[in-house]
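Take a look at this single chain, the form predicted on its own, given in structure tokens.
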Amino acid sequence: MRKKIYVHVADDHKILIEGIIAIIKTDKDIEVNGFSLNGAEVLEWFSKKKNKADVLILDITMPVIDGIEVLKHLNKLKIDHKTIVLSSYDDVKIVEEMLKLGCLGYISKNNAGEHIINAIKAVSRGEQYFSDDIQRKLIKSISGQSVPEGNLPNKFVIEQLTDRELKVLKLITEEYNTTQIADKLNIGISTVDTYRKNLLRKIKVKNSVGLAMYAVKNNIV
């Protein structure tokens, strides 16, 4: 029997929490076992030994204590948590700050509905997850600057990538989505997904942002 993923949702808008809960209820593998309307409530909930959550969905702008301070406190108290930030802010600097504080996912509130289930499952496995708009901004930011040495461990020899894999990698870095790549290369969407999975496995990164960083670092684009 598959283990359930327990989720705590923190946002100062009760209607948004109810919406997230409604979406989560459509997946039998995920269950919301708590929610908070401000940062202080989040810390109080997690401080109780009986309360456990595999994933925390956290807004940044909350009353009493904001999301940034919540993460700082959780880290200081060494409370185990895997966090997805759900925010209307899409500034790359804010995203990067939240990543430094240990959050694994970042989703824009504008398209949370289409990403939240996949995000929860990915983050529960320890993987990073970004909604499409956030991912595009991160890739654009990375493409416009040099990537520091050491950000991509387990460097893969470029010559071992096939010509088609290199084409897919370039298009991912140029912000094409799966459907657009399929149209551009005249191949099926499932084939694009296969190439993407092969790239992730070979380059040893977790998502398209990692692929873009690799491409920029190695002058593929």
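Each residue number is its position in the shown sequence, starting from 1. We call the rigid core whatever largest set of C-alpha positions still superposes within 1.5 Å between the two forms. Since the model is a prediction, treat every value here as computed from it, not as a measurement.
What follows is about the form predicted in complex with the DNA, which we do not show.
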Can you pick the one in H13, K197, K204, K25 that has a heavy atom within 4.5 Å of the DNA in the predicted complex? K197
In this chain shown alone, the residue from I68, L171, I187, V32 with a heavy atom within 4.5 Å of the DNA in the predicted complex is I187
Counting heavy atoms only and using a 4.5 Å cut-off, do S87, N118 and E127 all touch the DNA in the predicted complex? no
At the 4.5 Å heavy atom threshold, is K52 in contact with the DNA in the predicted complex? no
D193: heavy atom within 4.5 Å of the DNA in the predicted complex? yes
Determine whether any heavy atom of T162 comes within 4.5 Å of a heavy atom of the DNA in the predicted complex, and answer yes or no. yes
Even though the partner isn't displayed, in the predicted complex is N177 close enough to the DNA, meaning a heavy atom within 4.5 Å? yes
Which residues from 68-82 come close to the DNA in the predicted complex, meaning a heavy atom within 4.5 Å? none
Once the core is aligned, please say if the CA of I57 is shifted by at least 2 angstroms between this form and the one not shown. no
Compare the position of the CA of L211 between this form and the one not shown after a rigid core fit and state whether the shift reaches 2 Å. yes
So, does A22 move by 2 Å or more at the CA between this form and the one not shown, with the core held fixed? no
Have a look at S208 and I24: in the predicted complex, are their Cα atoms closer together or farther apart than in this form, given the change is 3 Å or more? farther
